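Next up: just one chain, as structure tokens, the form predicted on its own.
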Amino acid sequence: MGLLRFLGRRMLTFIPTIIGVLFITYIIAYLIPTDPVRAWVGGEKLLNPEALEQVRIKYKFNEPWYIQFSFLVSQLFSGQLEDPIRHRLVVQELGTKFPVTVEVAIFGFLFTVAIGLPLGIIAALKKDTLVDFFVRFFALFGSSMPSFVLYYFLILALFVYTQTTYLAGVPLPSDACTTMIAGLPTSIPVLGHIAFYIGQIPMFGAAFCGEWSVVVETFKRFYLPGLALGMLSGGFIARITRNSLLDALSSEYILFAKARGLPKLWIWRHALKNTLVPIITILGLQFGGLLTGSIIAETVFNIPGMGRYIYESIMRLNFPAIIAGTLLFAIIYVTVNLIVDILYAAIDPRVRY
């Protein structure tokens, strides 16, 4: 019952948080002293004032701010909100951009775990040695270096000089594979829907069809942005892992185990289990942050994902796209945060009360 009450309290904050994020985002955009409609239809070189007025009426920019906000939100939730610049439904835009961002997030998360966890564990076990100093320096380096500097340095090293990676394009499965995946919900009752949504991620869809060349090309193009994101986040994870493991190794039950002469591997295994509680929380939030689109990474590496889409929308004052992206980001982040809290509560019963 304690876990159910905890989940109930967390669910009560779900919808108010999303609505609050949307409202704050809209108010900030609304207060910008400019005319977004003019930017949509031609800017200062506007040749058709009638088109300007038609777009203004269509998106309720001739009405008070609260009517504009309610119009954008209602159209968004009904799936009818149109991108005024690309002239496509924002739902369609999000549907094409988000799977690419998921690929970037997966690679970034894998590198974050592969870099952060081993370095943190080694630093804790080699406390106050040269190895520990190196890991702490790496953590400080990852936390303090501007991300775009690291991105351009890696491009220079791995693309320009060694030519071991590619930067242009997102490998996609064939049309036949896309058609096959689109038919999964009708051919397989329940699992077909799950496979369909997973198959929207290009490399997973290609793997379902056995198109392994697409998967290989995806690795060639995405390992570099994944490595860049992993180096930035891995240092932070290494520092958290090191400090948590040192706290666990200095706890009373570990000291008692050492006094009884238990093997080191047994001691390290039980200390690591308690160390994973805060690490799971941080990793979950890191993955949620990657899923919401790494704006700088996607822009520098020319990846047509959610981050770059939102960046371009902000540059052109594209309110509908900004609101839609904010909604998706809020849902993802709140959902990931809820999943992390559930895992946290399952691991540590003390947080349920």
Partner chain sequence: MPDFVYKALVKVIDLYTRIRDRVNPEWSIRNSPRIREWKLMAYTYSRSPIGLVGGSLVLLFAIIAIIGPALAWQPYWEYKVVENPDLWLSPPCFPPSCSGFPLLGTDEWGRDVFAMIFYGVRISFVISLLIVLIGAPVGIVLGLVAGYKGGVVDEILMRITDMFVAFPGLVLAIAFATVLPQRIRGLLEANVQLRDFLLFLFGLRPEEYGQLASLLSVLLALVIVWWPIYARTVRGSVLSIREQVFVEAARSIGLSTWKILVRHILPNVLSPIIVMMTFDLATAALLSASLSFLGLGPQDPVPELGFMISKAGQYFPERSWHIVVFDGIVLLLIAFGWNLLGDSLRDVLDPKTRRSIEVRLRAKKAGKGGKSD
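Quantities reported herein were computed from a predicted structural model and do not represent experimental measurements. Numbering follows the first chain given and starts at 1.
The discussion below concerns the form predicted together with the partner chain, not included here.
Checklist line | the partner chain contact in the predicted bound form: Phe329, any heavy atom under 4.5 Å | finding: Residue-level check for Phe329: yes, a contact with the partner chain.
Next item on the list: Answer yes if any heavy atom of Met315 is within 4.5 Å of a heavy atom of the partner chain in the predicted bound form; otherwise answer no.
Entry: Flag for Met315 set to yes.
Notebook entry, point to check: Are any of the heavy atoms in Val340 no more than 4.5 Å from a heavy atom of the partner chain in the predicted bound form?
Noted result: Val340: no, not in contact with the partner chain in the predicted bound form.
Item checked: Touches the partner chain in the predicted bound form: Phe256 (any heavy atom, 4.5 Å) -> No, Phe256 sits far enough from the partner chain in the predicted bound form that none of its heavy atoms falls within 4.5 Å.
Notebook entry, point to check: Is it the case that Leu140, Ser144 and Val300 all touch the partner chain in the predicted bound form, with a non-hydrogen atom of each within 4.5 angstroms?
Noted result: Verified in the predicted bound form; spot residues all in contact, yes.
Notebook entry, point to check: Looking at Ile57, Ile67, Ile32, Ala51, which is the one with a non-hydrogen atom within 4.5 Å of the partner chain in the predicted bound form?
Noted result: None of the others qualify; the residue that does is Ile32.
Notebook entry, point to check: For the chain seen here without its partner, which of 118-126, 263-271, 188-196, 153-161 has a heavy atom within 4.5 Å of the partner chain in the predicted bound form?
Noted result: Single hit among the candidates: 153-161.
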